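First, one chain by itself: the form predicted on its own, in structure tokens.
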Amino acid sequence: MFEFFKNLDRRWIFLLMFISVSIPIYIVGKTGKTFPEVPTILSEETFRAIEELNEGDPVLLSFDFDPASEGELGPMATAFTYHCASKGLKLYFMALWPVGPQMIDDVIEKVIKPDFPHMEYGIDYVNIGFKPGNEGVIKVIVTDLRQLYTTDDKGTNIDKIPMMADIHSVQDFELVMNISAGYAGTKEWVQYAVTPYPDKIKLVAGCTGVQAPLLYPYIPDQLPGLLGAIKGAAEYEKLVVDKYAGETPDPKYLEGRRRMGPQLVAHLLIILLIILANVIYFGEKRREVR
């Protein structure tokens, strides 16, 4: 038996991985059911930070990612937007990444226009777009947003947008939500916005899995809530959907949990293979001793 597994062709492992990913995709697609999620404290704190806000409060959503990271971060962007819109908050979108405005437009078309048709552009939500400069942008707008942003993403003068009347800097927002795929992103928002103004700027974020460990040192003082990768997205998605989406939520609000299924099963397979490899290794060692 040891020899059989020791010399097993790696193509069988590739096949097992293919099956482990395919079956959850098929089951979810066929039945519409997703794997259960138990939210962790970081997801709950992210949810709570938005829940504590009042209708009409201004919030800033910085979409600092691109299509390459949509698999992990897309569900977060959808859930953040849906949660804020359901609460009746004023949504201000911006980006530190060049393709960020495209990701903003996608979520507006996906969430706000079909599900919140009463929301008006310039009154309830606005996309002020992308500015180059990475953390340099943050350094400026924490004290003077209009120094850089004179128009929105469509070219409309800021002074002609009603919801911009009382917004002069990042300090005027009740909460900043950042969705980050790397530099510039959450780390820079912590360093150049929250750290200099800890009593005036509150931040929660969602990030890719590889980035999350770098942000843990900022928890909980500078970063009370953090969604790490698709797992964090699925947990937060559950909290939002359970409260606001009813018994039959739109499938687009279950995307995080749908994507979590194949990852969960694939991870279990990897763990089993690691255990099997160790059993084979120690079994051979025991045979050598004998």
Partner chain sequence: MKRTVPLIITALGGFVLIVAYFIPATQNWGEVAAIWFDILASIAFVLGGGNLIRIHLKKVSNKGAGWGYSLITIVAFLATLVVGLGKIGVHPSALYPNFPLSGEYRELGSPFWWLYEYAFKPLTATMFAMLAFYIASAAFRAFRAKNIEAILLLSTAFIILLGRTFAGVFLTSWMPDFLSGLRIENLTIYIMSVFNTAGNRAIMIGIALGIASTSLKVLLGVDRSYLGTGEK
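Here the structure is a predicted model, which means the values were calculated and not measured. Residue numbers count along the first chain shown, from 1.
The same protein has a further form, the form predicted together with the partner chain, not shown here; the description that follows concerns it.
*Asks:* Is it the case in the model of the complex that Gly122, Thr186 and Thr248 each bring at least one heavy atom within 4.5 Å of the partner chain?
*Replies:* No, none of Gly122, Thr186 and Thr248 comes within 4.5 Å of the partner chain in the model of the complex.
*Asks:* My question is simply whether Pro224 lines the interface with the partner chain in the model of the complex - judged by any non-hydrogen atom within 4.5 Å.
*Replies:* No, Pro224 is distant from the partner.
*Asks:* Applying a 4.5 Å heavy atom distance criterion, does Leu89 contact the partner chain in the model of the complex?
*Replies:* Leu89: no, not in contact with the partner chain in the model of the complex.
*Asks:* Since only the chain is shown here, I'm wondering whether Asp115 would be in contact with the partner chain in the model of the complex (any heavy atom pair within 4.5 Å).
*Replies:* Result no; Asp115 lies far from the partner chain in the model of the complex.
*Asks:* Decide whether Lys139 counts as a contact residue for the partner chain in the model of the complex under a heavy atom distance cut-off of 4.5 Å.
*Replies:* Yes, contact at 4.5 Å.
*Asks:* Within 4.5 Å of the partner chain in the model of the complex, counting any non-hydrogen atom, which residues from 40-74 show up?
*Replies:* The stretch touches the partner through Thr40, Ile41, Pro67, Ala68, Ser69, Glu72.
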